[in-house]
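Taking the form predicted alone, here's one chain by itself in structure tokens.
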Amino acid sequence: MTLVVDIRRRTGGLQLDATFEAGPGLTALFGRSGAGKTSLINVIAGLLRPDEGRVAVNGTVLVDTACAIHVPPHKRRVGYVFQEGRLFPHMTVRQNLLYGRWFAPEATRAGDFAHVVELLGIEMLLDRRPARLSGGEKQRVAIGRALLASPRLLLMDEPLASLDEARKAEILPYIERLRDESRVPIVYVSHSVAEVARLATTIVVLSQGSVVSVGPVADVMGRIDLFPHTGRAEAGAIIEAILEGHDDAFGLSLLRSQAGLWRLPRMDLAPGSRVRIRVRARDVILAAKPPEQLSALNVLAGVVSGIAAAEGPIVEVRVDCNGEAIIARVTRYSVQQLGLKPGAPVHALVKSVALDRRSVSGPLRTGMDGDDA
């Protein structure tokens, strides 16, 4: 799948000017509130018309202002999941799901009802009505209804925004599974670093209506020059690793990435599973010399590849560990004391307890996406 977007549109005080291409998997439209994410996804869906530009999916043109093409929303075969489930309250879950299938042209019906139900874990909900569902359950049903309409593209506009942390934790594994097992490409709107780091294959960073950066999520989120747009508070690196085995005596799992060996609290996954680890910059310590006798179990050798410009006391340092980036947040005083500069050898230290279940996602099915005191 290739999604091609090249559009311009003025909405109120926002000038939307977005050009990017995205491939298979989950493409995240990421940015702060007011960046233009929802306006952009609504242009793709056909709910807004661009003043100028073109949108195409797999070569099928949905919008081309130069050729006066504007396919109406109901003919685009684009599924849309909103912040709230928007289920029909008088229908059961089964009826809500079949309603989506009813709208799919018979020749294009690709979604198998039983498979979609199993994929989203909603077998036990089929005879319930929406009033008897939790927020996370409603969103899973809404996703199923969209999938059963046999879309060529699935749009999700901050589908977790209205959920509390417990419900978010409930639904995230299903979206991961949808990304890995469904053949339907996903465009996912979010302003949450944690969601994007866990789910995205490709990220499109928006700021004030314009595309700031596009690329693989690990590459983009590891760029310290983009922190003003991606946010410093939760900034960090995304590491793709393979689970090598378990240390049952100490309740740890051993993972291998380009950067080296990682020890994390034990994961309930089989050896060979491919996972993604989010390492926050605030959880990384730097040492100028090889450290000894430390409680931190993850010690990764590398060289400084960049230091962000900063006027305050805090600065981000990018460390290249055998081709994989680790980001550390330290004081400018530490940079001076350690003699940190591009090319300087350094060791990045990460406590295993900092890498809890919220920091690890998997297994990832394509590519390498797959407690110490």
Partner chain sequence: MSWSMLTPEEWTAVRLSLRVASVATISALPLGIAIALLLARGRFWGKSLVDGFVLLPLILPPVVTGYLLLILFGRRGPVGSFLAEHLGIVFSFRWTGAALACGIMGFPLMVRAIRLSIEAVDPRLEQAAATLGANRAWTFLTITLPLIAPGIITGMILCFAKAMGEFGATITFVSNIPGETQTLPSAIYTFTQVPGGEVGALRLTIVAILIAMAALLASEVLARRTNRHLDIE
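Numbering follows the first chain given and starts at 1. All of these numbers come straight from a predicted model, not from anything done at the bench.
In what follows, reference is made to the form predicted in complex with the partner chain, a form of this protein that is not presented.
> Which single stretch, out of 215 to 223, 259 to 267, 82 to 90, 201 to 209, brings residue heavy atoms within 4.5 Å of the partner chain in the predicted complex?
After filtering at 4.5 Å, what remains is 82 to 90.
> Does R140 reach the partner chain in the predicted complex if we count a contact as any heavy atom within 4.5 Å?
No, R140 stays farther than 4.5 Å from the partner chain in the predicted complex.
> Hey, in the predicted complex, does H74 get a heavy atom within 4.5 angstroms of the partner chain?
Yes.
> Even though the partner chain is not shown here, does H229 get within 4.5 Å of it in the predicted complex, heavy atoms only?
Answer no; every heavy atom of H229 is more than 4.5 Å from the partner chain in the predicted complex.
> In the predicted complex, does L178 have a heavy atom within 4.5 Å of the partner chain?
It does not: once the partner chain is placed as it appears in the predicted complex, L178 has no heavy atom within 4.5 Å of it.
> Within 4.5 Å, heavy atoms only, which of A310, L47, V61, A344 is in contact with the partner chain in the predicted complex?
Filtering the options by heavy-atom distance leaves L47.
> Looking at F250, Y99, Y174, F113, which has any heavy atom no more than 4.5 Å from the partner chain in the predicted complex?
Of the candidates F250, Y99, Y174, F113, Y99 is the one lying within 4.5 Å of the partner chain in the predicted complex.
> Residues V78, A131 and A149 are flagged as a possible site; in the predicted complex, is every one of them within 4.5 Å of the partner chain by some non-hydrogen atom?
Result yes, every residue of the spot touches the partner chain.
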